[in-house]
Every structure is written in C-alpha cells, then in structure tokens.
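Starting off, we have a lone chain in the form predicted alone, written out as structure tokens.
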C-alpha cells in the first residue's frame, strides 16, 4: 500500500506539471498553490484544500482534466477526493498547534467587521466568463494584500457584483489576517465625514482613520465628480497609503477615463494599478447564480422556470434577484405553486424591457433637455426656476423608471442633489399624471426617443 501511495503521489505531481503548461502562471497560483497531497487509497487520491470556495472552483474548472491525466498516467481511473483543511500552526507541538488553530477558527467565526456585509464572501460569489478576471484578481489580493495589484479598480454597470467582490476581499483579509486593519467606505460617506471634520475641526482624527489602515476599500468613486475638496483629501490619503505599501481597492460604474471633473493627478493614481471590468453574466453564469439563490431561499422553483428567467433577463444579477423575489412573494401571498405560465405572467414587465438595457442617466438628461428647449447644463445645474424645475423632475422620474440607479445615485447626477429631492420629484410627476392628462403623452414621447437613441 505504501508503494502504491508513492506512485499515486508521483502521478499527481506529474499531472500538476502538465496542468501548469496549459494555464497561466497567475491562474495556477490562484487555484493550486494551497493544495497538498495527503494520501492515497483504492483507486483514489486525497488532497487538502484551504477552503470550500477553492474546492468548488477546482472541481468546476479542472477536475475532469486532472482525472483524465491521472488515468492516462496510471493506466486506470483515479478519483480525486478533496478535504477542507487549514494549515496548523508551526509553533510548539502538533497538539498545541491544533489547539491554537481551533481557537483561531472559533474567534474567526465570531469576528464580524462592522462596516462589511458578512454575506459578501468569495464562497457566495459565482464566477463565470464575464467576471473571472476580476474575481481571480480579488482572490489574489485577499491572499497577499499590499504586495501586488495595488491599487486595484473594479468597474462595471449596476448590479454586476462590484460591491460584493470588494467586500469579499475585506472579509477575507479581516478573517485571515487579524492583525491588519481594514476600512470600507463609500465615496459619499468619505465626503460627508471629511466635511464634518472641517466643521468640527477634527481633521487629524479623520486623517488617522483612513491613513493608518492596512487595507482601504472605497466604493463608487464616480461620485467624486464635482467634489474638489474630497478629491484633494483622497489624493493625499492615496499617497500616504501607497508609500506605506498598504492595499487600496476602488469600485466605479465606469472606467476612470469616463469620470468627469476628476483631477488629472487623482485620475493617474487610480490608473496606476490594475483596472478590471465586470460584464453582464452570460447564460450559464446566470443559471448558476439563480440556482444558488433558489437553494439558499429553500423554495420550490421548477427548472424550466429558472431557465426562462435566465434566458429573458440578461442585464445583471440584481435583476435576476428581483425577478426571483417577486415570484416567491406571489407564491407565498396567493398560496400557489410556481408554474411556467405563472412565471411568464408575473414577470412580463421584466421580460419586456430588453431595449432599456444600458440606458444611462446622461442620455435621459440630453433627451429631456432637448425636448424642453433647455441646455444640458441647466438640467444638471442649481437653477430652480419653473422653466427648469419641471423638466428636471421629469428627467429624475425617468431616470428612476429606466435605470437601476438608487435615488442617491440619481441625485448625484443632477448637481449633487440628495435622495429626498429625487423622491420628491418622482412623487410630483406621479401626482401630476393623475390630474393632468397631458403628462402621460409627454412621458411616452420622451420614452420613445430615449429608446430610439439607446444604441
């Protein structure tokens, strides 16, 4: 048996070498660096991996190829079995190391970063063709923060997983490197805290909060537009952390080059490191995502229903989740099982919106300003005259109806107005539609122009 184990290990090492020739060095390092051969049995090889996430990804991506190579080398089929196993501490005796590891795992389970969503982990992130580059980069950063891919910017449209990935990095570092200080913040919060520090003369405390961290995660840098003071502060924060080899992660809904009113020196800082984009998920990835959600929610959704949702909704993960949530709510409230006919009826609004994909607030603003004979600048500006107020409310209303942006995000695109202003504008338009029969035709005309120009 011992000789058999040795020969199996040799087969495994050779299969690993062959695999290295087929994939990139970065890909190999990302998925295989933490694997260890732990033994052999009857027609099988036992390997240890550091996490369920690694196990799942290797199984999905490489297991068939590995087992085919092993069969070729051994002249018989060899099954690969994985076990999840963290490395024990190298200090002290083996027994003491085991106790320390258990204690560490207990503490890890209890620790929760106050600024991070515990649901945003790598284990819960479905990797597909559209996001594999960004996901692999995020995983590599989480393993060696500050040593490579620094800074890193992840950009892409609404609902594609930017916040999930950046917070997954934060959660992973927070659990695996307890001595490192992790800070997560949105640009809006960063700006508000900066303004408050000026008002209260607590600038020193604000600087220490963000310049003395080991990992800084900042969401939605597109909202730096028009915030000159915040840009200046972030520039100095960036330099302090970069010079100290501290890890920085940023997200944006667009490439840095497309963020208007961004200082050249800050733009160059963002572009200095790795910039990766997230694309809408393909059909296979959408199926994997939705099946995972169905499993987590423990609901009975027929496979044919999942398939029709994934074939008709191809925008982003958020839209998939919204469609599933509506079906679950319907089933619970009317006490009916979900069928294909019910799904098509309840989700007809979701399925009828392919022409709205990628509609931007900027396009809406341009169409509305042209229609009402205003300048694009007036619509986004501070003027509150009647000639501008109503068209602006219409544009805000259409932005909420035709895009997935939040009221806060919409407000930022209209001269930095807050979310309550956007909510008020939408309510005003809805109220006027009930009283003025001319409003609905106006909105339909604008809607048609927006769709026709969305190419």
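Given the structure is predicted, the values throughout are model-derived calculations rather than measurements. Positions refer to the first chain, counted from 1.
Missing here is the form predicted in complex with a small molecule; even so, the following discussion is about that form.
Please determine whether each residue of 157, 317 and 321 possesses a non-hydrogen atom within 4.5 angstroms of the small molecule in the model of the complex. Heavy-atom distance to the small molecule in the model of the complex: all three under 4.5 Å.
Can you pick out, from 174, 125, 238, 210, the residue that has a heavy atom within 4.5 Å of the small molecule in the model of the complex? So the residue touching the small molecule in the model of the complex, by this definition, is 125.
Please identify the residue among 380, 227, 293, 269 with any heavy atom within 4.5 Å of the small molecule in the model of the complex. None of the others qualify; the residue that does is 293.
Mind telling me which stretch in 141-149, 362-370, 285-293, 337-345 gets its heavy atoms within 4.5 Å of the small molecule in the model of the complex? Of the stretches listed, the one contacting the partner is 285-293.
I'd like to know whether residue 186 contacts the small molecule in the model of the complex, with contact meaning heavy atoms within 4.5 angstroms. Flag for residue 186 set to no.
Taking the shortest heavy atom distance, is residue 246 within 4.5 Å of the small molecule in the model of the complex? No, residue 246 stays farther than 4.5 Å from the small molecule in the model of the complex.
Partner proximity in the model of the complex: residue 120 to the small molecule, non-hydrogen atom cutoff 4.5 Å: Yes, residue 120 lies within 4.5 Å of the small molecule in the model of the complex.
Residue 163: touches the small molecule in the model of the complex, heavy atom cutoff 4.5 angstroms: Yes, residue 163 is a contact residue.
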